[in-house]
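Provided below as structure tokens are two forms of one protein chain, presented individually as structure 1 and structure 2.
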Structure 1
Amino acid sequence: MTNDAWGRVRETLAKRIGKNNYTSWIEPLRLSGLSEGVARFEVPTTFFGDWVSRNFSDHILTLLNAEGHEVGRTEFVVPSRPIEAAKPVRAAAKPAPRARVDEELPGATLDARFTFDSFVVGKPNELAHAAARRVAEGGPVTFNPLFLYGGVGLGKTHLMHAIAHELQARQPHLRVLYLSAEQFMYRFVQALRDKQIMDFKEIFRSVDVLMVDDVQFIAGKDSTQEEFFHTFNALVDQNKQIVISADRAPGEIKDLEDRIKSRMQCGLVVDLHPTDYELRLGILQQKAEYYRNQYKGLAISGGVLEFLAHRITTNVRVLEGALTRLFAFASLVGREITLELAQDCLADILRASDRKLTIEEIQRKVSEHYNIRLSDMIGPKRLRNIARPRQVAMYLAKQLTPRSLPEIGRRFGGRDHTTIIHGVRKIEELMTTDSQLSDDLQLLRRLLQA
């Protein structure tokens, strides 16, 4: 099915970008996956992937979205085996190779669109952005590592790529290596297998800047963690900058060795908070601007972006996918983008985002977190170790659901609304003085809104 869609996308591409471009750049692509908003392709070389990413990614994404695949990003991977069908790039279309400092580094391809310019800064991400900017200046290392964490689709990868782009532009001599923790593991296992572990160590210890994305992936993978720890220490000792990302704070990653956790906490740990309305609107406006240039003459009525920013609160990737699909659809049918069109075309996304958080879900998560029974959460016990989590759940129910105080009271075993007010106030008060509690709240909020 996916292959049919890709077949149709290829046909349209052939018409849009011309025969030469098509044979040189699109034909050799192998679609290897379409999931989590990412279209993955196998390519013959890193350079090839870079080129396609820079020049044709937007076309490909637009067309895939028009086929009903919600993708916001492309990824190009060089498989360990050569692709048989890959045709040599034709001389006529061959661009001048860019000077790449990391030619021989085993890093991942950078997405050309993930730059600081295209990153919209708002309250939820301003700290992470400022820290990333600082690292990208490439001055003396002031904090090591920079540890960025936050939920899915909040811009961690975007910021890391932006750092790499900026460093390469400002200081081309620096050896900047960006890769996912998964790729780190893969390289490591491969090196073990091929008995090239010394080479592996040498490469990783010779970089100036190491960036490892989604480090939670190596938790529980013992020998990879061990190797990562040594690489990490060797680089820190040489005063080389390290940037790490994860989906949660170092201390919250289960099965990550304690010595690694504490090493991570030695640097600057910053989190990306869930987006707020203003940030979402900002991102949509920036994207819409881009699309308006792409699809000349396509009009978008007032209020549509506001509507989307208000309704799609899950993550930025979904938000982007929605807009991409909307523009592709409107351009296909040649209509103005109105509120009705958006509601029609995005019905499934809107429905999915409509899922309301329930008080029961909150109670369950909070009980799990504090290791108490769900029945105690609702029951009459007044012991501190039960009453406090109960108040946390009350607070979150007030914050994260539209339910009224009496309604919340009813779900907490028929308590009076004044009890709920008291609980909410208590937590608000403690939050400012008790840092453990405020960490707990942040984590719970993130888990619940994921």
Structure 2
Amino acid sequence: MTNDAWGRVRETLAKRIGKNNYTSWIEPLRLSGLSEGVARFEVPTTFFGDWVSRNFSDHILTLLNAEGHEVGRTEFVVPSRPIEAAKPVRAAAKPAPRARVDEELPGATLDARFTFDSFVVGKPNELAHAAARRVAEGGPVTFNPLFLYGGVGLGKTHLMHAIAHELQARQPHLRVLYLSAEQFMYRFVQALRDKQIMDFKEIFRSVDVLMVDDVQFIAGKDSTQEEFFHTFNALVDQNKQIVISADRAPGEIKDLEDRIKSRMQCGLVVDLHPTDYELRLGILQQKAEYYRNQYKGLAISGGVLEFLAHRITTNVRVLEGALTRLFAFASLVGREITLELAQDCLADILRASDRKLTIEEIQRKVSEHYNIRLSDMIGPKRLRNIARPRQVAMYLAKQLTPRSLPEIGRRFGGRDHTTIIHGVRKIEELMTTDSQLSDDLQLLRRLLQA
């Protein structure tokens, strides 16, 4: 069989099974022989060959026969010589980040843009960045796991990818596996269905670094949680590093088993806070510099980046998306990026960012968080388990809305503005000594501003 024919088969497979599956499972295959109705391939590991045989063998056979070769079965063999020699010869290596962490592992594709160099550090994320850097240096495990949490678009996934890229650059021999919690669950369910659970355990417990993104998605999935717990324990017992991210702290993930919460809290738990103005401006300045190089000669007026940093406060993804659109639009129409152009081009994003948070929304969210009735919050009851949440809601209403104290008082059952002042000051005093209250306020802010 000619290389051209095998190339055509590979191209068709890429279209049929998707880019990620193709990169993970087909690209590493090397056709070593085609005779007596058998197509023989060299593969990196036995597990790899078994996986391809179960999932893609039928596709390969169909396409080989369509090329005019009478093939009835496939064979996958691990060569005796080093694996690297068995892989297809590729173009000379370039100093770009690897597309995958480890081609033998069934993980997610890394984004080459998400490195430490492209991560803008500010006060809201400096601790998370420092902790991620420490893990990426390798060496003895100092905190295990590293648990990163925060709202959408605050940089959790960016830091996860950056750690993987840095580990691979520093210690290429390490087996680093990065994947989402949904992918972990999918692989586990598939292994159960195919009666390959021992292969699953071997893969996930033989890595040097396990990185699981958005772990909140396994909450409520009992069997997956069970396997995740045992995988976690096995790796910790071997002193292997684990990095986990979620949209909230371990103790706040509903339907996550207590033993898993406890395990996750044994390491370093770091919150990525919502961005402040300085951090948003820094992100925009870095992104703008990149686009200036991309769109040669495209000018941007002073004040535009400051305007966007002030107006778009939702999350970094929205902020970066707005700047991407602005540069693309200015390039297409051949105009300088001015404040007026930004207001016209980004009118819908700016309108969405101007959404006003209401006192009613704050009252409802705080009531849900503390499990009290909304009617009790605005009613006359003065029991401590109701009065404290009421003061929290008053504080948030003062901080997050432009409403006056008398207006806030009216929304809390017609209370006097002095009552609102007392409630706000009480919360400000307690925040410095009550860590649980401080955590509650951070969580509520994230939920209300999401």
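A quick note: this is a predicted structure, and the numbers were derived from the prediction, not measured. Think of the rigid core as the biggest set of C-alphas that the two forms share within 1.5 Å after superposition. Residue numbering: structure 1 sequence, from 1.
Asks: Among the two displayed forms of the chain, which is the form predicted alone?
Replies: Number 2 is right.
Asks: H273: CA shift of at least 2 Å between structure 1 and structure 2 after core fit?
Replies: Comparing forms between structure 1 and structure 2, the H273 CA shifts below 2 Å.
Asks: Aligning on the rigid core, do we see the C-alpha of A393 shift 2 angstroms or more between structure 1 and structure 2?
Replies: The answer is no, as the C-alpha of A393 shifts between structure 1 and structure 2 by less than 2 Å after core alignment.
Asks: Superposing on the rigid core, is the CA of G72 displaced by 2 Å or more between structure 1 and structure 2?
Replies: Yes: G72 shifts by at least 2 Å between structure 1 and structure 2.
Asks: By how many angstrom is the Cα of D58 displaced between structure 1 and structure 2 when the rigid core is overlaid?
Replies: That residue's C-alpha is offset by 35.6 Å.
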